[in-house]
Ligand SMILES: NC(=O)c1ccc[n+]([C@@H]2O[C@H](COP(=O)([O-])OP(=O)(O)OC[C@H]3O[C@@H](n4cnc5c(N)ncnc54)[C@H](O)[C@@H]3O)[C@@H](O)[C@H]2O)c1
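In structure tokens, one chain follows: the form predicted on its own.
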Amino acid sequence: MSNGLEHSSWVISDDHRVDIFVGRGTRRLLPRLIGSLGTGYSLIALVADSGLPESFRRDAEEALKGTGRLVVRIIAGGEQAKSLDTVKELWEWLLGSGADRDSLLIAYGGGAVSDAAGFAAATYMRGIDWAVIPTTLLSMVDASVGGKTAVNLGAKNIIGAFHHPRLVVIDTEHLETLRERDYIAGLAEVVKHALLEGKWFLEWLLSHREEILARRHGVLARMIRLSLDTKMKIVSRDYRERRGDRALLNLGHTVAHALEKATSYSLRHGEAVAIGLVVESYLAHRVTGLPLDEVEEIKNALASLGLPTRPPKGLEPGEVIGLVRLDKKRKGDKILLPLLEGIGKPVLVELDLGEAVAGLREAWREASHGD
């Protein structure tokens, strides 16, 4: 360039492999699964959720003793885990344990524990490898992959980093301990992934409905892997949420997040997502031409798995839909919504905020009456 100004430009790619193993009793296979990564770790640091049944944690600890030096830290789960205080405690524990850049941190528990522990791994010595063993269906089919780690600071997930786990180990035996309502709620994210992937996935879910509801391990393992593969196909195209593709994973969530806030989080996340999928399907019928018979397919699939399909009675639609104005996908007087043109055909649609709110209010009415 002129005036003696030198310039060069480089595109840096982040080539990162995520290995996912799903099956019954996988916690007992940890040495073999960690060994498959081909990295000799100097230290294994296990961060376990205090709500985890002791027998599960002991199985993992016994297995991990064969991998080399092991240290264990137990932390309380839930939103209180997602704080900078928790992360600071983990940093200090890692440092005091002699963890170096060749260490592996394993987060064993619910989504809040993996969020905090994953962020600690992302930032300790500028980033160390980490693995996750999710223990709820919701975290197994959704939160365990995608690379989002974060803690709260005044609001949810304000401080965080993209840091993919090297290893995801899903043990379907954890699902035996889940309460029925929590288990069913987790299925909403599976249905969401099926709607993004295609009719074949939705049909597979319905054809295995009885086995899924009975928590048969073989079918659960396949269901979870298919769900994660759907998510990872999208994530791999938009690792850091720059292109917009990852916004497709928010299908049903625009209404769901507003519904959760309006009900003071008395609904399970999956229950709100199920209702959001129905309301947003009615909106899609008007905006993208989603056929009404496919709207019915979506409702029937959710209902057959025990999920709600109508907004709770007594809620004013204006009160809920007005909260859409706070959605993170809003940019000025526009909002970007993931909607379906058909099952397996998601698109991102930019609408005027007023148009989106009016359309969602009408869609809420249709979903409430089932017509």
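Keep in mind that this is a model prediction, so the values were computed, not measured. Note that residue numbering begins at 1 and tracks the sequence as displayed.
The same protein also has a form predicted in complex with the named molecule, omitted here; what follows describes it.
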Problem set entry | Candidate site 49, 156 and 177: all three near the named molecule in the predicted complex by heavy atom within 4.5 Å | yes
Exercise. Using heavy atoms and a 4.5 Å limit, would one call residue 110 a contact residue for the named molecule in the predicted complex?
Worked result: yes
Exercise. Within a 4.5 Å heavy atom cut-off, is residue 103 in contact with the named molecule in the predicted complex?
Worked result: no
Exercise. Heavy atoms within 4.5 Å of the named molecule in the predicted complex: does residue 145 have any?
Worked result: yes
Exercise. Should residue 278 be classed as touching the named molecule in the predicted complex when contacts are defined as heavy atoms within 4.5 Å?
Worked result: no
Exercise. Of the options 250, 136, 86, 230, which one has a non-hydrogen atom that comes within 4.5 Å of the named molecule in the predicted complex?
Worked result: 136
For this session: Would you kindly say which of 66, 318, 53, 332 lies with a heavy atom within 4.5 Å of the named molecule in the predicted complex?
Result: 53
For this session: Counting only non-hydrogen atoms, choose the one of 294 to 302, 86 to 94, 278 to 286, 71 to 79 that falls within 4.5 Å of the named molecule in the predicted complex.
Result: 71 to 79
